[in-house]
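For reference, the chain that follows is the form predicted alone, supplied as structure tokens.
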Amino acid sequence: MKNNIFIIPTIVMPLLYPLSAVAEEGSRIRWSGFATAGVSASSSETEYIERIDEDGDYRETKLGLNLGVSITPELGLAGQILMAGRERDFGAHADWVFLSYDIFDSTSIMAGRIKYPNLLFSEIYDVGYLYPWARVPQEIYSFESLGPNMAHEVFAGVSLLHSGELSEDFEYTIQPYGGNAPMEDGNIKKMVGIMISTNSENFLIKGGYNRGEMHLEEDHHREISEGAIRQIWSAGFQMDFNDVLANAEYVRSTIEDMSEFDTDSWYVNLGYRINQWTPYITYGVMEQESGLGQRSITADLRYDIGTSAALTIEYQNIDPQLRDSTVGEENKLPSGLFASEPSESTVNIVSVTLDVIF
């Protein structure tokens, strides 16, 4: 069973956007879902990504239920109810929900609360079965507003989705969009962006750009001007060829007139499939002009249980760098993605997750 992005046509699309599947099967309503049971523990008492420390953490656990409703052959509704430990203390909420209208066979327009499309794993951030880690690389995918500052979970707005064939072996997708996106400490308003991708049976290349105005909550990060323009450029590559797997991404984030928060992040991931076993190794880097940053080495071993479940064991070593004391809020100086500087020079994190789709 392949376990990377190239199974999206058969698994991810029904999970995220099940409207066409509903229409094709002649049923107006379709359900699908996913779940993760996970635990993580760190060698440090300093919290990593606001939840993982030496006491252990079970908030990788989550459950998602997806609903697709065919209203007419062209018009449909899709949504997801998510219960995740990393947010809202497992409270159920609508993670995304939108209406979709097929303008042509290859072009549709969506409106509502839509998954952020630019990154390789942003649309499947919570579907652990579909990626090789216990957590996607936080050097890029952390939602800290002044950390990597490169990913969104969703945006509220409109999007146009167009796909076609470049040749007999290559397809392409173009997705322009606009709206507002929530941040940890505020919102990105007047956001506009575009995602462009091309893929064959074994390769995928994806690029994206967006810009928007940062509006932060009162008393949060007042060193950033209200309405400052934040821009993000991203590029990603994936391969699944002769049991060799690869994922790589580079993302750059800038904030207007605040070059100390300009951030470059990237990672490279390699794996090799041996029957039901797939070992992976990942090297990740986050570097901010303020001095904030981290480097990590992550080793994963995945075991596929049938065609709809997988067990992943992960070991991660993180080397964090401290934000310069002249930058940021007083008395709050994060180090890498830790709340403050750990007493250890490097921190080890062990995680185990069991992921299923249904």
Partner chain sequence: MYLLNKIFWLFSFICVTVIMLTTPVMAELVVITSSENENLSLTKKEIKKLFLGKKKKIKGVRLVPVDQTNGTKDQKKFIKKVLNKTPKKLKAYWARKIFSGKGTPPQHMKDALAVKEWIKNNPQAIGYIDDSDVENSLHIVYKVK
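Owing to the predicted nature of the structure, the values given are computational and were not obtained by experimental measurement. Residue numbers count along the first chain shown, from 1.
The same protein has a further form, the form predicted together with its partner chain, not shown here; the description that follows concerns it.
With the partner omitted from this view, the residue of A134, I188, L120, I140 that lies near its partner chain in the model of the complex is L120 [heavy atom within 4.5 Å].
Residue-level contacts in the model of the complex: of D102, D264, E256, E87, one residue has a heavy atom within 4.5 Å of its partner chain, and it is D102. Residues N269, L301 and T346 are none of them found to lie within 4.5 Å of its partner chain in the model of the complex, as judged by heavy atom distances. In the model of the complex, its partner chain lies within 4.5 Å of some heavy atom of Q175. Not displayed here, its partner chain is approached by Q80 to within 4.5 Å at the level of heavy atoms in the model of the complex. The closest heavy atom approach of V127 to its partner chain in the model of the complex falls within 4.5 Å. Taking the partner from elsewhere, E165 is found to have a heavy atom lying within 4.5 Å of its partner chain in the model of the complex. Contact with its partner chain in the model of the complex, defined as any heavy atom within 4.5 Å, is confined among 177-185, 284-292, 226-234, 92-100 to 92-100. Interface residues of 30-56, taken as those with a heavy atom within 4.5 Å of its partner chain in the model of the complex (partner not displayed): R30, S32, G33, F34, in sequence order.
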